[in-house]
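Take a look at this single chain, the form predicted alone, given in structure tokens.
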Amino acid sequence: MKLSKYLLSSALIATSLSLAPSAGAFCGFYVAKADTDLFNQSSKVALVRDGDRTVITMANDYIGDPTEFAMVIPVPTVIKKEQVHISDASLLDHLDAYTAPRLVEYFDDNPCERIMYEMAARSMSSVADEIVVTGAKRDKQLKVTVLESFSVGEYDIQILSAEESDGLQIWLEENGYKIPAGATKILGSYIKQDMKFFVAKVNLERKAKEGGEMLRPIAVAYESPKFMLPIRLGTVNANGTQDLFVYALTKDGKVETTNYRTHKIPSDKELPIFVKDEFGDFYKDMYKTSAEREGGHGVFMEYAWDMNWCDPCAADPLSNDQLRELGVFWLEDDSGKPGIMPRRRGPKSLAKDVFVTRLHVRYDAKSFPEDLKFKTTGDNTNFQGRYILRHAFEGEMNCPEAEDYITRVNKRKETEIKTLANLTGWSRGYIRDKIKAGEKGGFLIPVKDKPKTDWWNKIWPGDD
């Protein structure tokens, strides 16, 4: 097994069509989303934070022999059994779908009708049994202390402290944890920070009782002033870059990184119609191009929104019960059982008092030499990665405004070509060929260039 993927890519701590609801700024039809399934070697982490209290849920996408699975995670404090919970993978899937960048469609009205095209355009653009160890004497020799040992679900878990990185690495190897070559230096840096180590294996007997191939997510709750995710350990022998998706849930607005610049993903861009059938390819190339322009050092915000609503919705907002399962401890559950009541924003508000930020990081050891450090900003401004397809009206247009409308549409399509080329690195020639090959979304023919048809041919169009 390639443990590097799980040394902090799948486990990270301190590492159909639906009509969108009317909401002023945005409207239209949601047609596609760019979720984590587009990216190989990707990990998902839900990160709940309020004050010094943190709950992290780590998705394990490992499939294979469970005897080969192991997890080693630096944590800022000692973790006890009651602070660990086995969660439901579907919650992270739901959160991923809710926050995913999305593609939307708009349709122009007939410019010859009284519904004014210009007004419509403006409204759119404003827009684990105890683990067997080698004995206390050996632990002392290696200067490793087992602080806690317990089982939760299908996992056997130990919390370790260490004085030397060499001793910790030997201890881990002697206890069946496959540590990649070169990890000693990184382990040593965490030891200097007085961080502890959360290590987990699969208990085969309990896993057999649980059934299923997938390992369930592990959630950990703790208190620490450190608001971070250690990602460096997972890069030691990683095969290329990895993608990390962080879904940060707070009461205090957006979450950003403090030691790397947080960029907003390019958004609200109008694109050619053919992108509807190639949205996945578009988004992957657009993200790659954006990251390369930042020298590989960027953290990209793909979504930031009040959890009460969405526009357009790629998935329904999570319920209070789902959010509490993810660790949002300040909410009451949906049955009204005791809990900390959310603040209300009005007499009829159903505000959950939860703001979600989706951050996407593509990283390797060279481009991200430091662990991710975060802050809450207090900024509740909504943002989403949103890409727009605008269908021109292609029906019969018999009015003086038609010629001007066609001119504007064709200029718009030229701008769409330039935008798509700039976002993805695709050549304009390639984009034009894709437009020509499509049945819809091509340039409109100006009225003066359309072949004239005598009126009588419209009466009997099928006659030779």
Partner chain sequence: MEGLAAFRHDPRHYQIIVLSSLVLIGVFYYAFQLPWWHVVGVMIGAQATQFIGDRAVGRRYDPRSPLISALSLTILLRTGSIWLSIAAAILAIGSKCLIRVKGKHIFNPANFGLVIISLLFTGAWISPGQWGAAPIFAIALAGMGGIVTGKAKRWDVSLAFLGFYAALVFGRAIWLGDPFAIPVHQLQSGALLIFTFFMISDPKTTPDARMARIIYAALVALIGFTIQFGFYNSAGIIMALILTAPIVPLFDKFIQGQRYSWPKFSLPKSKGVSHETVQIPAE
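Positions refer to the first chain, counted from 1. It should be emphasised that the depicted structure is a prediction, and the values quoted were computed from it without experimental measurement.
From this point on, the text means the form predicted together with the partner chain, which you will not see here.
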field: Candidate spot Lys264, Glu370 and Lys375, all three touching the partner chain in the predicted bound form (heavy atom, 4.5 Å)
entry: yes
Location of the partner chain contact in the predicted bound form, chosen stretch of 156 to 164, 255 to 263, 319 to 327, 268 to 276 [non-hydrogen atom, 4.5 Å]: 255 to 263
field: Residue (of Gln83, Ser151, Gln193, Asn308) lying close to the partner chain in the predicted bound form, criterion heavy atoms within 4.5 Å
entry: Gln193
query: Which of Arg232, Arg386, Arg358, Arg390 has a heavy atom within 4.5 Å of the partner chain in the predicted bound form?
result: Arg232
- prompt: Heavy atom to heavy atom, is Pro225 within 4.5 Å of the partner chain in the predicted bound form?
  reply: yes
- request: Answer yes if any heavy atom of Gly296 is within 4.5 Å of a heavy atom of the partner chain in the predicted bound form; otherwise answer no.
  value: no
- prompt: Is there a heavy atom of Lys209 no more than 4.5 Å from a heavy atom of the partner chain in the predicted bound form?
  reply: no
query: Hey, in the predicted bound form, is Ser189 touching the partner chain, heavy atoms inside 4.5 Å?
result: yes
query: Going through 378 to 398 from first to last, which residues have a non-hydrogen atom within 4.5 Å of the partner chain in the predicted bound form?
result: Gly378, Asp379, Thr381
